[in-house]
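This document opens with one chain alone, in structure tokens, the form predicted on its own.
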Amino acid sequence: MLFTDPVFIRRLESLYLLARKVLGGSLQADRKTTRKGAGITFADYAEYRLGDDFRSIDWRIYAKFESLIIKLFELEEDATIYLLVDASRSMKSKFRYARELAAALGYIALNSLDRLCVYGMADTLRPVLDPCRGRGKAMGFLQSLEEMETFGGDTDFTTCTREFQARRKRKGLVIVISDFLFPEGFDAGLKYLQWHRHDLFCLQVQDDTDRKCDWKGDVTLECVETGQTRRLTVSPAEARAYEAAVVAWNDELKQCCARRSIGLASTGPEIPFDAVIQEILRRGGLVA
């Protein structure tokens, strides 16, 4: 099914309606800026200065103390949503699923009038969708996802995060969709993004080929990303050791996200993408 198929779009529209119902249309629970201005939620008082909006003067305070004091309010800003989708060749078996998750999140963002920007990640960063906003951009966004292909060699998450920050200075919500099986690890990249004051959410996608080892005996393994081959013998003990190592790796990701107050959801292609997004929305959105 194409991402622009009416049946698929109806599933996305149902998710947006749910987001609007439970989160007011926002993927983030809290989007208030620290700046003060003419919003609707009271924040503080300040002394009136020439050029300030006289309509903000609190006349009750003036009547009591003969001091010109203005009210300051919190501003609500549109969010910038960045989707970093793992497009390395190791994602091939779950690439369609990862893009379905990206489609749902991006569709909600565009319909909520948030800015959306999408990149593919591998050994480098590849632009998929330049920053845009509005419901009218949804079809172009879905077409861009449809045209995405896997590329590159080893997944270098840290390099991709540095390239991303060099291109996009505006702070926003960065959603990383990946299996997180990065050769050099994930901690440095997440730390780097957080240091630049982005909000983060990790959406981990793994399937049985990642979590289980069904090989037995003498086998020749070829890395899908680098093309390197290795001949080895896989015993039942080694197969169990591999599966235990994957569990330990995933536990480390959970601990890293918990330690850094980063939101995390783990899933696989066996679970419908809309069920995953519904659960995220009902939990309160993309927050830790």
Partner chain sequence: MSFLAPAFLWSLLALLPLAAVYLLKVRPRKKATTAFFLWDRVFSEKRATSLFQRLRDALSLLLMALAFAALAFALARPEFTDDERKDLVLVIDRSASMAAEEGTGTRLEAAKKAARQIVAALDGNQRAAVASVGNELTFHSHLSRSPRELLDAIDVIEESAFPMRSEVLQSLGEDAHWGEDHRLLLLSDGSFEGVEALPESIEFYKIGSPVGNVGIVAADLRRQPDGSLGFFYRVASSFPEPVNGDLLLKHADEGDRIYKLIPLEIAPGVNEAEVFSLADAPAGRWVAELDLEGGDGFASDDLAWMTVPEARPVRVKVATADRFFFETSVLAFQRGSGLLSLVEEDPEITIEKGAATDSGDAVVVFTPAGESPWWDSVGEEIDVLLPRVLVEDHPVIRLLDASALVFAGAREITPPAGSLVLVESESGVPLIYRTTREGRGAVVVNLDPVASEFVLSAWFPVLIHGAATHLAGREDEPAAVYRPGDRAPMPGYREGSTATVTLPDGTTTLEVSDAEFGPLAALGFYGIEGRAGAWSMGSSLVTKTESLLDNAAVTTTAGPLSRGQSPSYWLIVLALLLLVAESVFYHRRKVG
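Numbering follows the first chain given and starts at 1. Predicted model only: the values in this text are computed from it and were never measured.
Below: the form predicted in complex with the partner chain, not depicted.
Across the options 196-204, 169-177, 121-129, 182-190, residues that bring heavy atoms within 4.5 Å of the partner chain in the predicted complex belong to 182-190. Within 4.5 Å of the partner chain in the predicted complex, a heavy atom is found for all three of Lys216, Leu221 and Ala241. Interface membership of Gln228, defined by any non-hydrogen atom within 4.5 Å of the partner chain in the predicted complex, is confirmed. Taking non-hydrogen atoms only, Trp249 approaches the partner chain to within 4.5 angstroms in the predicted complex. By the criterion of a heavy atom within 4.5 Å, Lys94 is counted among the residues contacting the partner chain in the predicted complex. Put simply, Leu232 is close to the partner chain in the predicted complex: some heavy atom of it is within 4.5 Å.
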